[in-house]
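Before any questions on how it binds or moves, here is one chain, the form predicted alone, in structure tokens.
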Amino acid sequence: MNLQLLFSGFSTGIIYSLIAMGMVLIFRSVGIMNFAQGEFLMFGGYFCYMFNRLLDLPIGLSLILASICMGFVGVVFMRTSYWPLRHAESKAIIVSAMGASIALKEGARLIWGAVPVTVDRASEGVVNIGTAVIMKQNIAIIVIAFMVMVLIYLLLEKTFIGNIMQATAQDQYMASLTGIPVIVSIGMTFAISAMITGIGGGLLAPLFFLNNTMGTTAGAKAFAAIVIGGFGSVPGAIVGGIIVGLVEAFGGAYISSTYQLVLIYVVLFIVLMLRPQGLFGEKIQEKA
């Protein structure tokens, strides 16, 4: 049972890690926490549903196409919710993101309806390890999410595009003086953030039914993961998401599934008491 809970919690937690990593990328780029990130997860799941169930495409291709669509959604979100308010107070941008969250939620309901739906699993069947029965979907989630994280690391650290994005994140004004198109760089950051979160939605859909409100809870858990891991830290977001997933799985099994979210915030409170900056906390330079 513990082994099954470990795989279940790890696979769910790594989805939260993808959401949290997307939020951290935007935070490092523009200094604002995107509270509509959970809706990116929900929209990505619905795009995957559209390609997989409505157009009858294989789940692998559906995930790729859903991710590409989410890239466009991320750019549109940036142009409508952030860029016009980039010189305003951060509170105005946060309110704008919350408004966009409601718009995405209601838009999904109008497009795909309010009835919960699902998609095909990335891998069918189970694996028996001793007396433990591990779903192959959980293994597929861990493998695909790990591959996505490696690709994002290589993009940010080993490519010229990644250098441009990091330079813009450090100082937008100096980046513009060197000829870097700031709007393009920020747009790529929002696109990548939406793409990796959208993949998470497609991977999570076979485990939990898709509905237009699922992003709210997932976003809250991803935010808890960011605080646990440390604001601005990508490794912290990954580790924090896994911790949240494991607390959710083991807490739901051994204490009560009703209080899963409460248990997550108890762990969050303990981490803040012992290490206020989070496990991988680092000082974030004020953005221009």
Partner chain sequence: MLKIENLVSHYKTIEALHGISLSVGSDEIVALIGSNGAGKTTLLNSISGHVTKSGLIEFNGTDISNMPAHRIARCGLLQVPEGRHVFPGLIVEENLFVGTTAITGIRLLAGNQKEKLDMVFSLFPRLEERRTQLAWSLSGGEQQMLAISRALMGNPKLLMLDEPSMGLAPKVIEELFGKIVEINRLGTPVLLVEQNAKLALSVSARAYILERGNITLEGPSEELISDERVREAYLGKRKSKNQ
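Residue numbers count along the first chain shown, from 1. Since we're looking at a predicted model, the values are computed, not measured.
The form predicted together with the partner chain exists for this protein as well; it is not shown, and the discussion that follows is about that form.
The shortest heavy atom separation between Met174 and the partner chain in the predicted bound form is within 4.5 Å. The shortest heavy atom separation between Ala97 and the partner chain in the predicted bound form exceeds 4.5 Å. Thr213 falls outside the set of residues with a heavy atom inside 4.5 Å of the partner chain in the predicted bound form. With a 4.5 Å cutoff on heavy atoms, Ala191 does not count as touching the partner chain in the predicted bound form; it lies far away. Only one of the listed residues (Val184, Val115, Val150, Val143) places a non-hydrogen atom within 4.5 angstroms of the partner chain in the predicted bound form, and that residue is Val184. Of the residues given (Glu124, Glu89, Glu157, Glu106), Glu157 alone sits with a heavy atom within 4.5 Å of the partner chain in the predicted bound form. With the partner omitted here, the stretch from 204-212, 130-138, 75-83, 157-165 that lies within 4.5 Å of the partner chain by heavy atoms in the predicted bound form is 157-165.
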